[in-house]
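Only one chain comes next, encoded as C-alpha coordinates, the form predicted alone.
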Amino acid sequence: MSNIVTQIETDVLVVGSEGTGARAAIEADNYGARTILASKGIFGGSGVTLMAPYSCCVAFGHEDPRDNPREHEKDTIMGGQFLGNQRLIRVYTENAPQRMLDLESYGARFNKKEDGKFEQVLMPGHRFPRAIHYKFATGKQFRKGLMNEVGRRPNIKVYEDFFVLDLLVESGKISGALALDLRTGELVLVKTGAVILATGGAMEMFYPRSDASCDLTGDSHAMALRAGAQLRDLEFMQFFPTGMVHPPALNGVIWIGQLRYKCGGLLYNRYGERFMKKYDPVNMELSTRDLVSRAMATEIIEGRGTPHGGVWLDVSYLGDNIVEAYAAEVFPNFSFRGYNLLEAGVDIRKDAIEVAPMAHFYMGGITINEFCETGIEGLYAAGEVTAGINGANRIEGNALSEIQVFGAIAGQVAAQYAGQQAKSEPNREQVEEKCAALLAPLERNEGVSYFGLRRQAQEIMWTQVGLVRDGEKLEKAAAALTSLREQSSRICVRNKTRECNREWMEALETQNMLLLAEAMARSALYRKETRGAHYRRDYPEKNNDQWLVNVVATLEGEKLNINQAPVEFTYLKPEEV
(Lines give C-alpha, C1' and ligand atoms only; values in the text may rest on other atoms or scores of the structure.)
Protein backbone atom coordinates (compact mmCIF):
# COMPACT_ATOMS: atom_id res chain seq x y z
CA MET A 1 0.00 0.00 0.00
CA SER A 2 1.91 2.96 -1.35
CA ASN A 3 0.96 5.60 1.23
CA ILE A 4 1.38 3.32 4.28
CA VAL A 5 4.86 3.20 5.78
CA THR A 6 4.03 1.12 8.87
CA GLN A 7 1.57 -1.67 9.60
CA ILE A 8 0.88 -2.94 13.11
CA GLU A 9 -1.47 -5.62 14.39
CA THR A 10 -3.38 -6.05 17.64
CA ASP A 11 -6.49 -7.69 19.03
CA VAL A 12 -8.07 -4.52 20.47
CA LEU A 13 -7.34 -0.90 19.57
CA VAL A 14 -8.47 1.60 22.22
CA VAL A 15 -8.75 5.13 20.83
CA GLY A 16 -8.31 7.56 23.71
CA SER A 17 -5.98 6.93 26.62
CA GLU A 18 -7.44 8.58 29.70
CA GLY A 19 -10.16 7.65 32.20
CA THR A 20 -12.33 5.58 29.86
CA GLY A 21 -9.66 4.32 27.50
CA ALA A 22 -7.19 3.25 30.17
CA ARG A 23 -9.92 1.34 32.02
CA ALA A 24 -10.98 -0.34 28.78
CA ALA A 25 -7.40 -1.39 28.06
CA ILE A 26 -7.01 -2.88 31.54
CA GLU A 27 -10.16 -4.96 31.14
CA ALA A 28 -9.22 -6.08 27.63
CA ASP A 29 -5.93 -7.28 29.09
CA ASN A 30 -7.83 -9.11 31.84
CA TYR A 31 -9.46 -11.14 29.06
CA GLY A 32 -6.21 -11.94 27.33
CA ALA A 33 -6.32 -9.48 24.42
CA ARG A 34 -3.25 -7.84 22.98
CA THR A 35 -4.17 -4.19 23.33
CA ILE A 36 -2.97 -0.90 21.88
CA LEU A 37 -3.85 2.19 23.91
CA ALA A 38 -3.68 5.14 21.49
CA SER A 39 -3.29 8.70 22.72
CA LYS A 40 -3.41 11.75 20.48
CA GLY A 41 -1.23 13.38 23.11
CA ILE A 42 0.68 12.06 26.12
CA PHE A 43 -0.72 9.25 28.26
CA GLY A 44 -1.85 10.74 31.56
CA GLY A 45 -1.68 14.30 30.26
CA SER A 46 -4.44 14.39 27.64
CA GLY A 47 -8.22 14.73 27.74
CA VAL A 48 -10.14 15.98 30.76
CA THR A 49 -10.10 13.19 33.37
CA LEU A 50 -6.99 14.71 34.90
CA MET A 51 -8.76 18.08 35.18
CA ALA A 52 -11.73 16.77 37.19
CA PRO A 53 -11.33 18.31 40.64
CA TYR A 54 -13.99 16.89 42.87
CA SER A 55 -17.09 14.72 42.75
CA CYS A 56 -17.52 11.11 41.66
CA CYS A 57 -20.99 9.83 42.52
CA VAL A 58 -21.41 6.21 43.63
CA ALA A 59 -24.24 4.73 45.70
CA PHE A 60 -22.23 3.14 48.52
CA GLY A 61 -24.68 4.42 51.14
CA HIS A 62 -21.86 5.19 53.56
CA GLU A 63 -23.31 8.58 54.60
CA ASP A 64 -26.97 7.59 54.36
CA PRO A 65 -27.87 3.88 54.43
CA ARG A 66 -31.07 4.60 52.52
CA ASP A 67 -29.01 5.20 49.39
CA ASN A 68 -28.50 2.37 46.90
CA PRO A 69 -28.03 1.91 43.13
CA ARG A 70 -31.79 2.04 42.49
CA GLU A 71 -32.01 5.47 44.11
CA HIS A 72 -29.00 6.61 42.05
CA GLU A 73 -30.74 5.24 38.97
CA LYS A 74 -33.88 7.24 39.70
CA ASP A 75 -31.95 10.49 40.19
CA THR A 76 -30.07 9.95 36.94
CA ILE A 77 -33.22 9.23 34.94
CA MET A 78 -35.00 12.25 36.36
CA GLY A 79 -31.96 14.51 36.00
CA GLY A 80 -31.77 13.62 32.32
CA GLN A 81 -35.47 14.52 31.97
CA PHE A 82 -36.35 10.97 30.88
CA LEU A 83 -34.31 10.96 27.66
CA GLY A 84 -31.68 8.57 29.03
CA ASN A 85 -31.45 4.89 28.11
CA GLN A 86 -32.74 3.32 31.32
CA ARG A 87 -31.08 -0.03 30.66
CA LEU A 88 -27.71 1.73 30.41
CA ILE A 89 -28.44 3.75 33.52
CA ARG A 90 -29.18 0.61 35.56
CA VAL A 91 -25.96 -1.03 34.37
CA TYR A 92 -24.11 2.13 35.37
CA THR A 93 -25.51 2.54 38.87
CA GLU A 94 -25.28 -1.18 39.72
CA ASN A 95 -21.64 -1.49 38.63
CA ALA A 96 -20.26 1.85 39.81
CA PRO A 97 -19.43 0.76 43.40
CA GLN A 98 -17.26 -2.19 42.30
CA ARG A 99 -15.50 -0.13 39.65
CA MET A 100 -14.50 2.42 42.27
CA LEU A 101 -13.12 -0.36 44.44
CA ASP A 102 -11.16 -1.57 41.41
CA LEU A 103 -9.70 1.90 40.97
CA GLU A 104 -8.76 2.03 44.63
CA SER A 105 -6.97 -1.32 44.27
CA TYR A 106 -4.94 0.22 41.41
CA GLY A 107 -3.60 2.87 43.80
CA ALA A 108 -6.11 5.72 43.62
CA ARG A 109 -6.97 7.36 46.92
CA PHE A 110 -10.23 8.82 48.19
CA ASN A 111 -11.13 10.63 51.39
CA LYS A 112 -12.19 8.16 54.07
CA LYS A 113 -13.81 8.43 57.47
CA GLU A 114 -12.32 7.02 60.66
CA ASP A 115 -14.28 3.79 60.22
CA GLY A 116 -12.69 3.26 56.79
CA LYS A 117 -15.83 4.05 54.83
CA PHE A 118 -15.89 6.62 52.04
CA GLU A 119 -16.62 10.22 52.86
CA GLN A 120 -19.64 11.00 50.66
CA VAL A 121 -20.95 14.47 49.81
CA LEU A 122 -24.35 15.64 48.60
CA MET A 123 -24.23 17.08 45.06
CA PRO A 124 -26.93 18.95 43.09
CA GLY A 125 -29.35 16.59 41.35
CA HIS A 126 -28.87 13.81 43.92
CA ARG A 127 -31.20 13.11 46.85
CA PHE A 128 -28.51 11.43 48.93
CA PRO A 129 -24.86 12.22 49.65
CA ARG A 130 -23.01 9.87 47.30
CA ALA A 131 -20.04 11.79 45.87
CA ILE A 132 -16.64 10.37 46.81
CA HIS A 133 -13.57 12.52 46.22
CA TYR A 134 -9.96 13.14 47.11
CA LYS A 135 -9.57 16.70 48.39
CA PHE A 136 -9.86 18.93 45.33
CA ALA A 137 -7.84 16.63 43.05
CA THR A 138 -10.01 13.59 42.32
CA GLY A 139 -9.07 13.44 38.64
CA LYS A 140 -5.40 13.21 39.56
CA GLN A 141 -6.15 10.13 41.62
CA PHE A 142 -7.91 8.54 38.65
CA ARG A 143 -4.81 9.20 36.58
CA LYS A 144 -2.52 7.82 39.27
CA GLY A 145 -4.43 4.56 39.69
CA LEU A 146 -5.00 3.91 35.99
CA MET A 147 -1.44 4.75 34.95
CA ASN A 148 -0.09 2.51 37.71
CA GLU A 149 -2.20 -0.39 36.53
CA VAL A 150 -1.52 0.06 32.82
CA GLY A 151 2.20 0.28 33.59
CA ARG A 152 2.07 -3.14 35.27
CA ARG A 153 0.65 -4.83 32.18
CA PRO A 154 3.18 -5.57 29.41
CA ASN A 155 0.50 -6.69 26.94
CA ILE A 156 -0.90 -3.15 26.83
CA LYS A 157 1.17 -1.13 24.36
CA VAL A 158 0.80 2.64 24.78
CA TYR A 159 1.18 4.69 21.61
CA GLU A 160 1.60 8.41 22.33
CA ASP A 161 1.25 11.28 19.83
CA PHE A 162 -0.70 8.75 17.80
CA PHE A 163 -3.75 10.29 16.12
CA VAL A 164 -6.30 7.69 14.98
CA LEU A 165 -7.88 9.27 11.91
CA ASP A 166 -10.44 6.91 10.45
CA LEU A 167 -12.00 3.47 10.74
CA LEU A 168 -11.87 0.71 8.15
CA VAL A 169 -15.11 -1.22 7.73
CA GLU A 170 -15.53 -4.21 5.45
CA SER A 171 -19.03 -5.67 4.96
CA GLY A 172 -20.31 -4.01 8.13
CA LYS A 173 -17.39 -5.25 10.21
CA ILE A 174 -14.32 -3.46 11.58
CA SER A 175 -11.12 -4.48 9.84
CA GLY A 176 -8.75 -1.83 11.15
CA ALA A 177 -8.01 1.86 11.47
CA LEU A 178 -5.71 4.47 9.98
CA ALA A 179 -3.56 6.60 12.25
CA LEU A 180 -0.98 9.35 12.00
CA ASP A 181 2.23 9.00 13.98
CA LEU A 182 2.60 12.68 14.80
CA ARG A 183 6.29 12.36 15.63
CA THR A 184 7.35 10.77 12.35
CA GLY A 185 4.52 11.97 10.09
CA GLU A 186 3.89 8.41 8.91
CA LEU A 187 0.45 7.04 8.18
CA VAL A 188 -0.02 3.77 10.05
CA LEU A 189 -2.38 0.93 9.24
CA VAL A 190 -3.61 -0.76 12.41
CA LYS A 191 -5.03 -4.22 11.75
CA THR A 192 -7.29 -5.11 14.64
CA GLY A 193 -10.14 -7.37 15.64
CA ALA A 194 -11.98 -4.67 17.59
CA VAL A 195 -11.92 -0.91 18.16
CA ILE A 196 -13.06 0.95 21.27
CA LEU A 197 -13.77 4.67 20.85
CA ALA A 198 -13.07 6.52 24.11
CA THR A 199 -11.97 10.04 23.23
CA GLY A 200 -14.43 11.97 25.40
CA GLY A 201 -16.44 15.05 24.46
CA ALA A 202 -16.12 17.75 21.82
CA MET A 203 -16.00 21.02 23.73
CA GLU A 204 -13.41 22.53 21.39
CA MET A 205 -16.36 23.34 19.08
CA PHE A 206 -17.04 26.27 21.45
CA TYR A 207 -13.48 27.55 21.93
CA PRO A 208 -12.63 29.83 23.67
CA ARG A 209 -15.84 29.20 25.65
CA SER A 210 -14.61 25.81 26.84
CA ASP A 211 -13.11 24.53 30.07
CA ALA A 212 -11.72 21.38 28.41
CA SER A 213 -8.37 20.66 26.81
CA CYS A 214 -8.01 21.60 23.15
CA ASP A 215 -7.72 17.99 21.94
CA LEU A 216 -11.44 17.26 22.37
CA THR A 217 -12.43 17.93 18.77
CA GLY A 218 -15.06 15.26 18.17
CA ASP A 219 -12.75 12.86 16.34
CA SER A 220 -14.52 9.67 17.43
CA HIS A 221 -17.96 11.16 16.81
CA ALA A 222 -16.94 11.96 13.24
CA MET A 223 -15.25 8.59 12.68
CA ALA A 224 -18.32 6.77 13.94
CA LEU A 225 -20.62 8.78 11.66
CA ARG A 226 -18.45 8.08 8.63
CA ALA A 227 -18.37 4.39 9.52
CA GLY A 228 -22.18 4.23 9.56
CA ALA A 229 -22.98 4.44 13.29
CA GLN A 230 -25.83 6.46 14.78
CA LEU A 231 -25.29 9.49 16.99
CA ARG A 232 -28.02 10.81 19.24
CA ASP A 233 -28.92 13.65 21.61
CA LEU A 234 -26.31 15.90 19.95
CA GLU A 235 -28.31 19.02 20.82
CA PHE A 236 -27.40 18.64 24.51
CA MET A 237 -24.15 20.35 25.51
CA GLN A 238 -23.79 21.22 29.19
CA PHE A 239 -22.27 24.60 30.04
CA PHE A 240 -20.69 25.47 33.37
CA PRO A 241 -21.83 29.01 34.23
CA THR A 242 -18.75 30.71 35.60
CA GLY A 243 -15.44 30.16 33.85
CA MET A 244 -12.79 32.86 33.75
CA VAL A 245 -12.30 34.81 30.54
CA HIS A 246 -9.60 37.18 31.78
CA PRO A 247 -6.62 37.15 32.27
CA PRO A 248 -6.13 35.12 29.04
CA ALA A 249 -3.83 32.57 30.69
CA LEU A 250 -6.72 31.49 32.91
CA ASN A 251 -9.39 31.31 30.23
CA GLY A 252 -11.65 28.34 30.95
CA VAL A 253 -10.75 27.90 34.63
CA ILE A 254 -14.16 27.14 36.11
CA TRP A 255 -13.54 26.43 39.74
CA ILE A 256 -13.16 30.05 40.69
CA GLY A 257 -16.87 29.99 39.94
CA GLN A 258 -17.34 28.25 43.28
CA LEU A 259 -17.25 31.80 44.66
CA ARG A 260 -20.89 31.87 43.55
CA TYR A 261 -21.78 28.83 45.65
CA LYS A 262 -19.40 29.01 48.59
CA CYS A 263 -19.12 32.76 49.13
CA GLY A 264 -22.36 34.16 47.75
CA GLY A 265 -20.74 35.81 44.74
CA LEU A 266 -22.91 38.34 42.90
CA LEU A 267 -23.26 38.62 39.13
CA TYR A 268 -23.41 41.97 37.34
CA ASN A 269 -23.56 43.03 33.71
CA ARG A 270 -21.46 45.87 32.27
CA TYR A 271 -23.92 48.45 33.67
CA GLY A 272 -23.64 47.17 37.23
CA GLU A 273 -27.07 45.53 37.17
CA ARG A 274 -27.65 42.29 39.08
CA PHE A 275 -29.27 40.78 36.04
CA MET A 276 -30.35 37.50 37.65
CA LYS A 277 -33.36 39.30 39.12
CA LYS A 278 -34.81 39.27 35.58
CA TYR A 279 -34.33 35.51 35.12
CA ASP A 280 -34.87 34.03 38.59
CA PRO A 281 -35.85 36.68 41.15
CA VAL A 282 -36.18 34.10 43.92
CA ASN A 283 -32.90 32.19 43.69
CA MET A 284 -30.87 34.88 41.90
CA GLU A 285 -27.22 33.78 41.55
CA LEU A 286 -27.97 30.44 43.22
CA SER A 287 -30.30 29.33 40.47
CA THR A 288 -29.54 26.14 38.55
CA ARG A 289 -26.53 25.85 36.23
CA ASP A 290 -28.60 25.87 33.06
CA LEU A 291 -30.62 28.96 33.97
CA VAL A 292 -27.63 30.96 35.22
CA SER A 293 -25.70 30.03 32.07
CA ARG A 294 -28.59 31.09 29.81
CA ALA A 295 -28.96 34.38 31.63
CA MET A 296 -25.26 35.15 31.37
CA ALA A 297 -25.16 34.22 27.68
CA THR A 298 -28.19 36.43 26.99
CA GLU A 299 -26.53 39.42 28.66
CA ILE A 300 -23.31 38.87 26.72
CA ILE A 301 -24.90 38.24 23.31
CA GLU A 302 -27.26 41.21 23.67
CA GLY A 303 -24.37 43.58 24.31
CA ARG A 304 -24.41 43.94 28.09
CA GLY A 305 -21.24 41.95 28.67
CA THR A 306 -17.87 43.03 30.07
CA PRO A 307 -14.85 44.14 27.98
CA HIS A 308 -13.56 40.58 27.46
CA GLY A 309 -16.91 38.98 26.64
CA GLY A 310 -18.16 37.94 30.07
CA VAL A 311 -20.05 39.31 33.06
CA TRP A 312 -18.76 40.41 36.45
CA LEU A 313 -18.52 38.00 39.41
CA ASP A 314 -17.97 39.90 42.65
CA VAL A 315 -17.26 38.93 46.27
CA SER A 316 -15.66 42.22 47.29
CA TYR A 317 -18.52 42.97 49.69
CA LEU A 318 -17.22 40.19 51.96
CA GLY A 319 -14.53 40.67 54.54
CA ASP A 320 -10.98 40.04 53.32
CA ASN A 321 -10.52 37.19 55.79
CA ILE A 322 -13.56 35.33 54.40
CA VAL A 323 -12.26 35.51 50.85
CA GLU A 324 -8.74 34.60 51.97
CA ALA A 325 -10.00 31.53 53.83
CA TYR A 326 -11.76 30.26 50.71
CA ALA A 327 -8.75 31.00 48.52
CA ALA A 328 -6.43 29.14 50.89
CA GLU A 329 -8.56 26.02 50.44
CA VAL A 330 -9.05 26.08 46.67
CA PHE A 331 -6.25 28.19 45.15
CA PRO A 332 -3.57 28.91 47.76
CA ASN A 333 -1.78 32.23 47.44
CA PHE A 334 -4.40 33.26 44.85
CA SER A 335 -2.71 31.10 42.21
CA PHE A 336 -4.24 28.96 39.46
CA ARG A 337 -2.13 26.71 37.19
CA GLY A 338 0.95 28.46 38.52
CA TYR A 339 -0.52 31.84 37.51
CA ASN A 340 -0.88 34.36 40.34
CA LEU A 341 -3.97 36.54 40.21
CA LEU A 342 -2.46 39.21 42.42
CA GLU A 343 0.59 39.53 40.20
CA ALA A 344 -1.77 39.91 37.22
CA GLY A 345 -3.45 42.83 38.96
CA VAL A 346 -6.63 40.97 39.93
CA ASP A 347 -7.44 41.00 43.64
CA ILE A 348 -10.77 39.27 44.24
CA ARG A 349 -10.90 40.79 47.73
CA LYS A 350 -11.67 44.13 46.07
CA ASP A 351 -12.04 43.49 42.31
CA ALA A 352 -14.78 41.76 40.34
CA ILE A 353 -13.58 39.16 37.85
CA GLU A 354 -14.84 38.46 34.34
CA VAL A 355 -16.58 35.13 33.85
CA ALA A 356 -18.68 33.45 31.15
CA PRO A 357 -20.34 30.07 30.58
CA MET A 358 -17.98 27.34 29.38
CA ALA A 359 -18.79 24.20 27.38
CA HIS A 360 -18.27 21.57 30.04
CA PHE A 361 -19.76 18.16 29.16
CA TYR A 362 -21.38 16.62 26.09
CA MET A 363 -24.48 14.55 26.79
CA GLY A 364 -24.81 13.59 23.11
CA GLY A 365 -22.72 11.03 21.31
CA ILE A 366 -22.51 7.58 19.76
CA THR A 367 -25.50 5.30 20.31
CA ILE A 368 -24.57 2.17 22.28
CA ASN A 369 -26.34 -0.69 24.07
CA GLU A 370 -25.53 -2.26 27.44
CA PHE A 371 -22.52 -4.03 25.89
CA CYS A 372 -21.08 -0.81 24.41
CA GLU A 373 -21.90 -2.12 20.94
CA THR A 374 -22.49 0.54 18.26
CA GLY A 375 -24.31 -1.48 15.62
CA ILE A 376 -21.12 -1.96 13.61
CA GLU A 377 -19.58 -5.35 14.26
CA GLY A 378 -16.34 -5.01 16.20
CA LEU A 379 -16.82 -1.30 17.01
CA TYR A 380 -17.45 -0.30 20.62
CA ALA A 381 -17.66 3.05 22.42
CA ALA A 382 -17.65 4.14 26.05
CA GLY A 383 -17.59 7.26 28.20
CA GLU A 384 -18.43 10.82 27.25
CA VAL A 385 -18.18 10.00 23.54
CA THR A 386 -21.46 8.09 23.88
CA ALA A 387 -25.07 9.04 24.51
CA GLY A 388 -27.61 7.35 26.75
CA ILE A 389 -26.62 7.79 30.38
CA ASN A 390 -27.25 11.48 30.87
CA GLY A 391 -30.19 12.25 28.62
CA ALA A 392 -30.91 15.97 28.40
CA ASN A 393 -28.70 16.94 31.32
CA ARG A 394 -25.95 15.31 33.39
CA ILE A 395 -26.32 15.60 37.14
CA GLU A 396 -23.12 16.49 38.94
CA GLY A 397 -20.64 13.76 39.78
CA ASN A 398 -21.85 11.07 37.36
CA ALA A 399 -19.15 11.52 34.73
CA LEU A 400 -16.18 9.97 36.54
CA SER A 401 -17.98 6.85 37.72
CA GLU A 402 -19.63 6.36 34.32
CA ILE A 403 -16.31 6.15 32.50
CA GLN A 404 -15.06 3.39 34.77
CA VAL A 405 -18.21 1.30 34.39
CA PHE A 406 -18.45 1.45 30.62
CA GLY A 407 -14.70 1.47 30.02
CA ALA A 408 -14.58 -1.91 31.77
CA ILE A 409 -17.58 -3.28 29.85
CA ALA A 410 -16.17 -2.16 26.49
CA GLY A 411 -12.80 -3.72 27.26
CA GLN A 412 -14.31 -7.05 28.23
CA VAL A 413 -16.75 -7.33 25.33
CA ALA A 414 -14.23 -6.14 22.72
CA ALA A 415 -11.62 -8.62 23.95
CA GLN A 416 -14.09 -11.50 23.89
CA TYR A 417 -15.25 -10.56 20.41
CA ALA A 418 -11.71 -10.24 19.06
CA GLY A 419 -10.79 -13.62 20.52
CA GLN A 420 -13.69 -15.38 18.82
CA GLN A 421 -13.52 -13.82 15.36
CA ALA A 422 -11.10 -14.13 12.49
CA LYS A 423 -9.74 -10.70 11.63
CA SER A 424 -11.04 -9.12 8.45
CA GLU A 425 -8.37 -8.03 6.01
CA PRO A 426 -8.56 -4.28 5.26
CA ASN A 427 -9.69 -3.49 1.73
CA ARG A 428 -6.70 -2.15 -0.22
CA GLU A 429 -8.74 0.28 -2.32
CA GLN A 430 -10.51 1.68 0.77
CA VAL A 431 -7.18 2.18 2.50
CA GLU A 432 -5.64 3.98 -0.48
CA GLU A 433 -8.71 6.19 -0.93
CA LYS A 434 -8.73 7.22 2.73
CA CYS A 435 -4.97 7.78 2.78
CA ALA A 436 -5.21 10.04 -0.24
CA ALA A 437 -7.87 12.15 1.50
CA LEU A 438 -5.77 12.39 4.68
CA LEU A 439 -2.66 13.42 2.77
CA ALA A 440 -4.48 15.90 0.51
CA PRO A 441 -4.16 18.96 2.81
CA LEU A 442 -0.41 18.36 2.96
CA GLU A 443 0.01 17.87 -0.78
CA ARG A 444 -2.20 20.74 -1.97
CA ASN A 445 -0.33 23.88 -3.01
CA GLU A 446 -3.32 26.16 -2.79
CA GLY A 447 -6.67 26.02 -1.08
CA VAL A 448 -8.43 27.06 2.13
CA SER A 449 -6.85 27.77 5.53
CA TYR A 450 -8.13 25.38 8.18
CA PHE A 451 -7.60 28.04 10.85
CA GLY A 452 -10.16 30.40 9.34
CA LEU A 453 -12.74 27.63 8.98
CA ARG A 454 -12.18 26.51 12.55
CA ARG A 455 -12.55 29.98 14.04
CA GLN A 456 -15.66 30.73 11.97
CA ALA A 457 -17.26 27.48 13.13
CA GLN A 458 -16.44 28.18 16.78
CA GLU A 459 -17.95 31.65 16.57
CA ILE A 460 -21.10 30.25 14.95
CA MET A 461 -21.39 27.56 17.61
CA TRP A 462 -21.11 30.02 20.50
CA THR A 463 -23.40 32.74 19.13
CA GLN A 464 -26.02 30.63 17.30
CA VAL A 465 -25.84 27.05 18.62
CA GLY A 466 -24.78 27.84 22.20
CA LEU A 467 -26.96 28.47 25.19
CA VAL A 468 -29.59 30.73 23.64
CA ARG A 469 -31.13 29.25 20.48
CA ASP A 470 -33.95 29.96 18.08
CA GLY A 471 -35.05 28.54 14.77
CA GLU A 472 -33.80 31.43 12.64
CA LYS A 473 -30.33 31.34 14.16
CA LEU A 474 -30.12 27.57 13.90
CA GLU A 475 -31.19 27.59 10.25
CA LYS A 476 -28.44 30.07 9.45
CA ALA A 477 -25.91 28.16 11.53
CA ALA A 478 -26.68 24.84 9.86
CA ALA A 479 -26.37 26.38 6.39
CA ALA A 480 -23.12 28.14 7.28
CA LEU A 481 -21.64 24.98 8.79
CA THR A 482 -22.59 22.97 5.70
CA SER A 483 -20.71 25.53 3.61
CA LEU A 484 -17.68 25.39 5.91
CA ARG A 485 -17.69 21.59 5.77
CA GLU A 486 -17.74 21.69 1.98
CA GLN A 487 -14.85 24.16 1.99
CA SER A 488 -12.88 21.90 4.32
CA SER A 489 -12.42 19.44 1.46
CA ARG A 490 -10.04 22.03 -0.03
CA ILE A 491 -7.94 22.68 3.08
CA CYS A 492 -4.28 23.35 2.36
CA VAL A 493 -1.55 23.45 5.02
CA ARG A 494 1.51 25.62 4.50
CA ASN A 495 3.96 23.48 6.46
CA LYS A 496 4.84 20.56 4.14
CA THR A 497 7.09 18.80 6.65
CA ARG A 498 5.43 15.62 7.84
CA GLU A 499 7.24 15.21 11.15
CA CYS A 500 5.61 16.92 14.16
CA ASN A 501 3.32 18.92 11.88
CA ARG A 502 0.69 20.37 14.20
CA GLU A 503 -0.87 22.37 11.37
CA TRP A 504 -1.66 19.14 9.50
CA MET A 505 -3.05 17.54 12.65
CA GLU A 506 -5.31 20.52 13.39
CA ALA A 507 -6.51 20.60 9.78
CA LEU A 508 -7.68 16.98 10.12
CA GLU A 509 -9.22 17.75 13.51
CA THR A 510 -11.10 20.66 11.96
CA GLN A 511 -12.70 18.41 9.35
CA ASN A 512 -13.97 16.16 12.15
CA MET A 513 -15.16 19.12 14.19
CA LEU A 514 -17.09 20.66 11.30
CA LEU A 515 -18.99 17.43 10.67
CA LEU A 516 -20.03 17.14 14.31
CA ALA A 517 -20.85 20.85 14.61
CA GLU A 518 -23.25 20.66 11.68
CA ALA A 519 -24.85 17.54 13.15
CA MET A 520 -25.30 19.34 16.48
CA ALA A 521 -26.83 22.43 14.84
CA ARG A 522 -29.25 20.33 12.80
CA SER A 523 -30.24 18.27 15.85
CA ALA A 524 -30.92 21.47 17.84
CA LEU A 525 -33.01 22.80 14.95
CA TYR A 526 -34.97 19.53 14.81
CA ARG A 527 -35.95 19.55 18.52
CA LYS A 528 -38.69 22.17 18.81
CA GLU A 529 -38.94 22.47 22.58
CA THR A 530 -36.85 23.42 25.61
CA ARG A 531 -35.48 20.53 27.67
CA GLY A 532 -32.45 20.27 29.93
CA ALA A 533 -29.42 21.87 28.34
CA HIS A 534 -31.34 22.63 25.11
CA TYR A 535 -33.05 26.04 25.25
CA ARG A 536 -35.16 27.39 22.38
CA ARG A 537 -36.45 30.94 22.82
CA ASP A 538 -39.08 30.26 20.17
CA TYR A 539 -40.18 27.06 21.97
CA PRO A 540 -39.54 27.93 25.64
CA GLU A 541 -41.56 25.09 27.21
CA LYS A 542 -40.90 21.37 27.58
CA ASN A 543 -43.27 19.31 25.42
CA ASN A 544 -43.55 15.69 26.53
CA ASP A 545 -46.42 14.97 24.17
CA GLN A 546 -44.28 15.49 21.05
CA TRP A 547 -40.63 15.58 22.09
CA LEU A 548 -40.07 12.85 24.63
CA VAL A 549 -37.89 11.24 21.94
CA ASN A 550 -34.20 10.87 21.11
CA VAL A 551 -32.97 12.84 18.09
CA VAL A 552 -30.77 10.65 15.88
CA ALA A 553 -28.11 11.74 13.37
CA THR A 554 -26.70 9.56 10.59
CA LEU A 555 -24.48 10.23 7.58
CA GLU A 556 -25.40 9.10 4.09
CA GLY A 557 -22.59 9.95 1.70
CA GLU A 558 -21.96 13.59 2.58
CA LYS A 559 -25.53 14.27 3.71
CA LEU A 560 -26.50 14.43 7.37
CA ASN A 561 -29.90 12.95 8.17
CA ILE A 562 -31.75 13.86 11.36
CA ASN A 563 -34.60 11.68 12.61
CA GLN A 564 -36.04 10.53 15.93
CA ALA A 565 -36.35 7.35 17.94
CA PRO A 566 -38.77 6.59 20.78
CA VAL A 567 -37.53 6.53 24.36
CA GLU A 568 -38.09 3.22 26.17
CA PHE A 569 -39.30 3.69 29.75
CA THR A 570 -37.91 0.36 30.90
CA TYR A 571 -38.00 1.01 34.64
CA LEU A 572 -39.49 4.46 35.31
CA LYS A 573 -42.15 6.49 33.48
CA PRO A 574 -42.53 10.29 33.76
CA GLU A 575 -46.02 9.97 35.21
CA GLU A 576 -44.69 7.80 38.05
CA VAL A 577 -42.76 10.64 39.72
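Residue numbers run from 1 along the displayed sequence. Since the structure is predicted, the reported quantities are computational estimates derived from the model, not experimental observations.
Form predicted in complex with a small molecule: not shown, discussed below.
Contact with the small molecule in the predicted bound form, judged by any heavy atom within 4.5 Å, is made by just one of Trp504, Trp462, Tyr450, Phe163: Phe163. This chain lacks the partner; the member of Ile403, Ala224, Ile89, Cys372 within 4.5 angstroms of the small molecule in the predicted bound form by a non-hydrogen atom is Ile403. Shown alone here, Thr510 lies farther than 4.5 Å from the small molecule in the predicted bound form, counting heavy atoms only.
Mapping the unseen interface onto this chain, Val48 counts among the residues with a heavy atom inside 4.5 Å of the small molecule in the predicted bound form.
Looking at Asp233, you'd find every heavy atom of it more than 4.5 angstroms from the small molecule in the predicted bound form.
Within this chain, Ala410 is remote from the site of the small molecule in the predicted bound form, having no heavy atom within 4.5 Å. Of the stretches 68 to 76, 215 to 223, 259 to 267, 312 to 320, only 215 to 223 has residues with a heavy atom within 4.5 Å of the small molecule in the predicted bound form.
For the three residues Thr199, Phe361 and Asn398, a heavy atom within 4.5 Å of the small molecule turns up in the predicted bound form in every case.
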